[in-house]
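Take a look at this single chain, the form predicted alone, given in structure tokens.
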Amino acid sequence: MTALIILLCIILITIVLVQIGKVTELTAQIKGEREVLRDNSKWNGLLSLIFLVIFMVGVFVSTWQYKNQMLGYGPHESASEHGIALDDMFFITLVFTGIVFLLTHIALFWFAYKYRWSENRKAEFISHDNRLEIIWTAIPAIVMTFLVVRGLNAWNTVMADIGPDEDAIEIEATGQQFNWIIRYPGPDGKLGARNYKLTTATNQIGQDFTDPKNWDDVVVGQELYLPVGKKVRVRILAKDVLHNFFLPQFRVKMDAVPGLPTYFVFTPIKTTSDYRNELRKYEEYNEPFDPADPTGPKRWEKFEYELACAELCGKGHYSMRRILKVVSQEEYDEWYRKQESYYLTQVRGKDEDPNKDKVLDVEILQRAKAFSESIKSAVESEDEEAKTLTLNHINFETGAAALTANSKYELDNLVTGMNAFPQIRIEIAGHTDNTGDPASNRELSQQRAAAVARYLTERGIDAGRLRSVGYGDTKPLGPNDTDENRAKNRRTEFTIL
């Protein structure tokens, strides 16, 4: 039905135009062609002037009306250090092109009026004018040279990479349909190596987990955090099709090309809170964020920096939007401390882990820190139960009391703790599950507790501060009804006496 109505409208408009043409022909025949030509030229000239005025008023009024919603004007000044240079460059370009736009349109419509057809005017044909040629060649050349030089200076500033010793954060953004995978370096400050051949469902960006720099790298969720005033280098890649890394408020825009890593360097200079406070000064941003809820939060209160994909990368293109929060260094550090290594939480110990039989340097540091905090809390606690700690990372040969090589890291942490608190004495307790003969289990647990005590004394701990006891299967943590529960019951503990 809609198509039929559209077709009928087209036919009707065609008929009206044909009739207007016929009326014009009849008028020309009645009044004379020259008189009609004179009247048409007069009205065309006058209407051109009227259109010029209306058009120019519309241009300036709409520009003023919407200036606060355009990047670079009103509250939307650049939130990055380099963006100021870009905004200046665009503004100066706008000034020059605006002058040309204004003058050419005034000349166009004024000439349409001034040189309308007249019986008493004869056209002049000027084949060449050296002065005019010089003017309209030299002036654009000078202006273009000025703009290009400024543009090159801005380009060199914006695209400069970070120096080898420069204090900066490097993060990695990998675009895929339809998501950004954002990777931060761990405490070592370095991003690990990648190899696309290692890509799997678990290892989506092909991290090479034989590279120690990958062990502490962090893959963040839907919200990104950056500290204000800190230079950031973004390594930009794509897995499938062309994407575009776009942070409009920071004037950051760079293609993410499969197989061709790119980068962008910028320094945020406004926190999210700062930007919101700029927006709240403007009336239009004090309107309700949700028109259906006039008492709800205002537009400025709901503002967030966003990461968008500026390429039409498929049907789910819209879902690549991510939130970016720029915060103080203290807030960033607090958020960063809560982030966990992707490798240690998602890959470590699984079939894809190439380091299953190794204790990693990063794990040694983490365990040492956690053990130090635990023994300090136990020493200071008044609760007797809190004074018993399990040595989670020591193991023995199956059915024997020989410590495995990897157990030394946990026991070295215990040596450090004993040295840090020279006043404490401890009981080392061995426990087993209920598999096998109870007497044999007790004897084995005693031997294992003694092996731990022997390790400590060999490293300078006074034997008088140690007591080793084997409890066998008499003190289980839970029922020995599953492999998992039996594994929990097989443990070595120490209690601060």
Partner chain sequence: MAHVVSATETLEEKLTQELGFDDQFHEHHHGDKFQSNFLTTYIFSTDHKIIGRQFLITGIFWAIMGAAMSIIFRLQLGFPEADMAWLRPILGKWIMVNEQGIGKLDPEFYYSLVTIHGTVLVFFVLTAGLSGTFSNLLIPLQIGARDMASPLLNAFSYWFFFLASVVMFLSLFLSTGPFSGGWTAYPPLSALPQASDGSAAGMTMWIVAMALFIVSALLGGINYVTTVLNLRTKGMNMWRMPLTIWAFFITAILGVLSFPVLFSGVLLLMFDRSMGTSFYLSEIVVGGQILDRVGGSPILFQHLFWFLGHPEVYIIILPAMGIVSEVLSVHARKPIFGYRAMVLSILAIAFLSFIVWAHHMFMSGVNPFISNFFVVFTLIIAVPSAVKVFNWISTIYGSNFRFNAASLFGIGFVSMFISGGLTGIFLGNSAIDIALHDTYFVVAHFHIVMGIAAFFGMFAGIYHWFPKMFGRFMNETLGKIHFWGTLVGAYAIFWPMHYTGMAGMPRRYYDGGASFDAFRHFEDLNKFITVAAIVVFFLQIIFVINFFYSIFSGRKSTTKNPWGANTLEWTTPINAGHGNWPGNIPTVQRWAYDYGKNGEEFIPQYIPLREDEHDHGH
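No experiment lies behind these values; they were computed from the predicted model shown. Positions refer to the first chain, counted from 1. So that the term is clear: the rigid core is the largest set of C-alpha atoms that superpose within 1.5 Å between two forms.
The discussion below concerns the form predicted together with the partner chain, not included here.
Within 4.5 Å of the partner chain in the predicted bound form, a heavy atom is found for all three of 40, 251 and 321.
Contact with the partner chain, judged by heavy atoms within 4.5 Å in the predicted bound form, is confined among 182-190, 392-400, 112-120, 330-338 to 112-120. Contact with the partner chain in the predicted bound form, judged by any heavy atom within 4.5 Å, is made by just one of 100, 169, 379, 269: 100.
Proximity to the partner chain in the predicted bound form, defined as a heavy atom within 4.5 Å, singles out one entry of 210, 366, 273, 177, which is 177. Residue contact with the partner chain in the predicted bound form: residue 471 places no heavy atom within 4.5 Å of it. Within 4.5 Å of any heavy atom of the partner chain in the predicted bound form lies no heavy atom of residue 215. The closest heavy atom approach of residue 409 to the partner chain in the predicted bound form falls outside 4.5 Å.
The shortest heavy atom separation between residue 104 and the partner chain in the predicted bound form is within 4.5 Å. Along 187-208, a non-hydrogen atom within 4.5 Å of the partner chain in the predicted bound form is carried by 196, 197, 199, in order along the sequence.
When two forms of a protein are overlaid on their rigid core, residues whose CA moves 2 Å or more are considered shifted, and residue 295 is not one of them between this form and the one not shown.
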